[in-house]
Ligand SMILES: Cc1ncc(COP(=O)(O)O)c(C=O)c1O
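The data below hold one chain only, encoded as structure tokens and taken in the form predicted alone.
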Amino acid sequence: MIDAQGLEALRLLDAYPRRGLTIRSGRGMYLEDDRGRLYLDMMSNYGVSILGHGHPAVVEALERQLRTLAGLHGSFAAEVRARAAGALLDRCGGGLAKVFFTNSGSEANEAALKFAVLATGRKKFIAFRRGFHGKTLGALSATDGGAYRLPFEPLLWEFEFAPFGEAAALEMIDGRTAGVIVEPVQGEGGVRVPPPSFLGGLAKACATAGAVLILDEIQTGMGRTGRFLASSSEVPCPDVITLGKGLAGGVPAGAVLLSGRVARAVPRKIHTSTFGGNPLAAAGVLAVLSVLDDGLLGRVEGLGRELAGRLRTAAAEDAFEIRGRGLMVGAEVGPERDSVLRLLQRERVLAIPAGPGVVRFLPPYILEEGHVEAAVRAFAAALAAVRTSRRLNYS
């Protein structure tokens, strides 16, 4: 009898790296495989399951909405959609005026790029080296890295790539620039944190040039760094923010939040989505926002510091760099990254890659100190095994 992995290999396009696990259920901080083994989830499905698995507030809201109305096109009004949009605007603040719902982060970035063109009449963009904004054509145009881009070039419009976190980026913004798209902390590019005032400098340069600053908070938003938005301290009045991943508690959802200036430039019918803002996703958004209070954000910040600090101690012998904000932490382990990920999985801890040499930890926000201890213990064991293997290979 062929198992699920064999069936997927037969029936699905071979588009993803294979972890060699079949997951059948999840509860809280843990995922269970088809043999009944539990794994500590330190990756939350690439940052999606921010409240863990089966959170009662999310389950109850989704079940209730599913029994009432799951889907509804945007040409019809739905109270749950309107409430979700209002709640998001209230949490983000800063003069943001309108919401456009999508089904994913990539779609949110696609829409944001189009809205910037409509608001400025220009088609030149600035993005950043090591930046990642998605793999659909518009988002791919803003994503750095030949592995994703080369088969599809030439891509859309005119994109220039600036060094992330450096003042040279400001000098590239001029009167031809439609927009600048940036992650407040680079995720896929290796969990890279820019220096203080970098985002604020981008906002000022964009305002001077009449360009739109697109803050890609798909991974960093919804509390991941210990703030609801990672950019809020430096950019209090943003032009455009994109959200996704944990936005709806695991239901596919994305959103673009726009200032009044940008929103007024977008004509009716020019960009729509059949499933965007469906009532089921909107109910998920409201459920997540009802749980994501200041107390939980404080835990994200505090436990994130503890996780990073303990990982740093565990990696001291190897002098590996540990960096990040909140519960978005990267360990720069170099060419042995995949070995470390495999060894962590053997220790029943799941983490994910970020860039060519970084192990990324994106745990759910319900993380507790005991989970931190277990993850760090597994990380230390993985590093010790790598060191032993290295010595044996050299002898």
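Quick caveat, the model's predicted, so the values are computed rather than measured. Note that residue numbering begins at 1 and tracks the sequence as displayed.
Below, we refer to the form predicted together with the ligand, which is not included among the displayed structures.
This chain is displayed without the ligand, yet in the predicted complex the stretch 132 to 140 from 113 to 121, 132 to 140, 287 to 295, 163 to 171 comes within 4.5 Å of it by heavy atoms. Note on contacts: among N278, S231, N109, T225, the single residue with a heavy atom within 4.5 Å of the ligand in the predicted complex is N109. Taking G105, G246, G324, P238 one by one, only a single residue has any non-hydrogen atom within 4.5 Å of the ligand in the predicted complex, and it is G105. Although the partner is absent here, I126 is not a contact residue: none of its heavy atoms lies within 4.5 angstroms of the ligand in the predicted complex. Proximity of I218 to the ligand in the predicted complex: non-hydrogen atoms within 4.5 Å are present.
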